[in-house]
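Only one chain is included here, represented as structure tokens and corresponding to the form predicted on its own.
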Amino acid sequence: MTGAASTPAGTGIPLVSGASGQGGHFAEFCANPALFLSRAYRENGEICQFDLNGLRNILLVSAEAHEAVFRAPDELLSAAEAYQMMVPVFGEGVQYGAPPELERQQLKMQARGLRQDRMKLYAAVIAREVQDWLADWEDEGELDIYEAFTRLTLKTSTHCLMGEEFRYTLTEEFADLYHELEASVSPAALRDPDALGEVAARRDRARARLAQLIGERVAQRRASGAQHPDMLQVYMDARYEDGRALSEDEIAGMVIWFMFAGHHTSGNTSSWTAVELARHPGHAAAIAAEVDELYSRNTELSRNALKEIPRLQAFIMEVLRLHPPLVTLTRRALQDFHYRDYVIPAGSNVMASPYVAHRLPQTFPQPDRFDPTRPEPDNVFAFIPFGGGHRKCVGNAFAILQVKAIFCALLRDYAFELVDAPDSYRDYMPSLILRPSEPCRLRYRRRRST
């Protein structure tokens, strides 16, 4: 499948080669969106189109194109219309299932729970979880780092969201239910979220059970009258501009929305950060020295995680460049959308891809080389792991806080080594969320006695 294919009349936008029958590019896209979109860019450049079972998708890849997409108003390019697959996950009336005016108010509620004073409280919670986790580590050992970080960040996220009592009564059921929701966020769902068969049925059962569990916690709190320093309390206290409180189902949807916003980045980015530290021992040693200096001035993990840690921060940003959790960021054109000399017809999906954009050699020289010392690009829309504009991911600050706290604690005492061949650790896409391939095994060794 090489060479650009023909251009449909009236659009002027190159068509990706290799379309097959009525499905178009659907099978190749679903098999691995990251690889398909990379091929599409190599073949056609900044703009091209492809067909997902009759749905026209326009891929735009450049900082200028991203800026045009992310700055466009919702009335022109709609995230809600593109992400209808999330409505059964979050629930009717929450984010993409809410009218724009209500969603705007819900975003303010989420932001209220992420103010600096709240982040200080969450930092202490995350620090406690990480220190409890490390208490069982030996002087050396091996573990599947993806599985370990997924479990850890589910606990930290749940603790900050739902509070201490819920966290310490947490069972495997909660993780299993959340996994069922994640499984429904697949490439196929972009085309038709209702065409998932048994996956959709399991999603709906999981969503109903999660709403029940969260509703029970809300009822207990209301009966006790106690106040708690977590996101659930923010949702319970929140009011719309007309004075109405969130319903119990809306509260459940807000919890699930925040979990999706913060947990994916935390778990996946932590896993890849550990792998890249093991791959690059020189950078790991410099970051460990930075962490040592931090602890020489303050031994409290929660405070250290909130501080500027430039080497670790740059390392995490480079991880997010090469391994962005979200491969696609999509909008639906509600009206004809003009970019340069092209017209993107109403009804098309408009797609940006961090995975592709972060590998542009004109923006990131030697793009496949892991280099945490590389300068930031001149245009902020060149680096888009969290999207951009007014719809930039609401959970990004929380996710980065988690990753920083985890590695402040880990690198104080431990160093990592690869167990398997360096090239066996690869990006894997079982859904629209990029993560490391399994198994993702690392060896850890204690740097010094505590």
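When you see a residue number, it is the position in the sequence shown, counting from 1. In this text, all values refer to a predicted model and were calculated from it rather than measured experimentally.
Keep in mind the form predicted in complex with a small molecule is missing from the figure; the text below concerns it.
*Asks:* Using a 4.5 Å cut on heavy atoms, which of 201, 121, 107, 175 is close to the small molecule in the model of the complex?
*Replies:* Looking at 201, 121, 107, 175 one by one, just 107 meets the 4.5 Å heavy-atom criterion.
*Asks:* I need to confirm a contact call. Of 391, 39, 412, 56, which residue comes within 4.5 Å of the small molecule in the model of the complex, counting heavy atoms only?
*Replies:* None of the other options qualify; the answer is 391.
*Asks:* Evaluate residue 326 for contact with the small molecule in the model of the complex, applying a 4.5 angstroms cut-off between non-hydrogen atoms, and reply yes or no.
*Replies:* Contact with the small molecule, yes.
*Asks:* Even though the partner isn't displayed, in the model of the complex is residue 184 close enough to the small molecule, meaning a heavy atom within 4.5 Å?
*Replies:* Residue 184 lies outside the contact set for the small molecule.
*Asks:* Although the partner isn't part of this model, could you tell me whether residue 162 comes within 4.5 Å of the small molecule in the model of the complex, counting any heavy atom of the residue?
*Replies:* No, residue 162 stays farther than 4.5 Å from the small molecule in the model of the complex.
*Asks:* Would you classify residue 96 as touching the small molecule in the model of the complex, given a 4.5 Å non-hydrogen atom cut-off?
*Replies:* Close contact exists here: in the model of the complex, residue 96 approaches the small molecule to within 4.5 Å, heavy atoms only.
*Asks:* The small molecule isn't shown here, but in the model of the complex, which of 292 to 300, 209 to 217, 253 to 261, 333 to 341 has heavy atoms within 4.5 Å of it?
*Replies:* Checking each option against the 4.5 Å cut-off leaves 253 to 261.
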